[in-house]
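Below you will find one chain, with nothing else, as structure tokens; this is the form predicted alone, and questions on how it binds or moves follow later.
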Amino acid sequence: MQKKNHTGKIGAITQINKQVYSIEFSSPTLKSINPGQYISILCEGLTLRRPFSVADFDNGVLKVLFKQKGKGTEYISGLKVGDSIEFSAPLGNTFTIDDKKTLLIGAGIGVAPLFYLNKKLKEEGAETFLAAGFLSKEDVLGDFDFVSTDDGTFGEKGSICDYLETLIKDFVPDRIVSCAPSAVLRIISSVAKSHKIDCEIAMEKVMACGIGICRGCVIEVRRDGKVQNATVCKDGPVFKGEEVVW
């Protein structure tokens, strides 16, 4: 699929908690987008588009979760039902979709693309287990098979990383997939490697151009025995956990 610019019409926008919003919009020109890929929204008055993971795509309707933390997301959160929204899509690469037994692990707003992936994996007949970690009860962003909160106000108390060994032992996955802050992804990748479990991760980075030109989202990966540079926006955002140089 080639990146294209699209115009969508907002069908719903909901404030989930103090900072996080859900927005849904339809676009007749976007025919498909896969889990792991992202879109980049044009914000009025700003030169650079803002990238967002896709939380769902169904019958031409996109769903995005975002945290309000800057001018771009402030603009988007102020849009109303019926407003037009301009965006580029599809961008980036995708998670693997098959029928393998998959443990999905998210943290914070990083859970967004895992909702869509979980749905697609189940359609392929895969057995899945969706786990997530949040700071507090008010930050929980949906329904999960397992939840931990740092303060213990919902689910188990502590970081999701505290429960990795238990989740692996109880679910016995063929694969682990995660989207979370880098510190969490590093731990998950390390634990998966120690158990010899395949691991795919979606990196969270500030992505300006979306096409790998500005080099603002470069990370190091180890491929063919060599350390190389890769851009999260174009070469990712999905990588093998073991290939990332942490």
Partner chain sequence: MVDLSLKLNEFELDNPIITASGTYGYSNEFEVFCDVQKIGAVVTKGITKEPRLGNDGQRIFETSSGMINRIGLENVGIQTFLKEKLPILQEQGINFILNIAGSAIDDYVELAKIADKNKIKAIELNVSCPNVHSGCIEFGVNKDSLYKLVSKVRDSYSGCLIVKLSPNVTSPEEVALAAENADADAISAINTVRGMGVKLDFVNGQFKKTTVAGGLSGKAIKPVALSFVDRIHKVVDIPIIAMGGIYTLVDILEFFSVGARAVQIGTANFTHPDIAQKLIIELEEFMQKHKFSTLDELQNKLKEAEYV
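For clarity, a rigid core is taken as the largest C-alpha set superposing within 1.5 Å between two forms. Quick caveat: nothing in here was measured; it's all calculated off a predicted structure. Residue numbers count along the first chain shown, from 1.
Just so it is clear, the following notes concern the form predicted together with its partner chain, a form of the same protein that is not shown.
Shown without its partner, this chain lists Ala208, Ile197, Ile33, Val221 as candidates; in the predicted complex, only Ala208 has a non-hydrogen atom within 4.5 angstroms of its partner chain. None of Ser77, Thr94, Ser148, Ser88 but one reaches within 4.5 angstroms of its partner chain in the predicted complex through a heavy atom, and that residue is Ser88.
Proximity to its partner chain in the predicted complex, taken as heavy atoms within 4.5 Å, picks out 211-219 from the listed stretches 174-182, 187-195, 211-219, 55-63.
Within 4.5 Å of its partner chain in the predicted complex, a heavy atom is found for all three of Asn5, Leu46 and Arg49. Though the partner is left out of this view, Asn229 does reach within 4.5 Å of its partner chain in the predicted complex, counting heavy atoms only. Along 132-169, a non-hydrogen atom within 4.5 Å of its partner chain in the predicted complex is carried by no residue at all. Once both forms are fitted on their core, the CA shift for Lys193 between this form and the one not shown remains under 2 Å. Shown in the overlay between this form and the one not shown, fitted on the rigid core, is a CA shift at Ala183 smaller than 2 Å. The Cα shift for Lys31 between this form and the one not shown, taken after rigid core superposition, is smaller than 2 angstroms.
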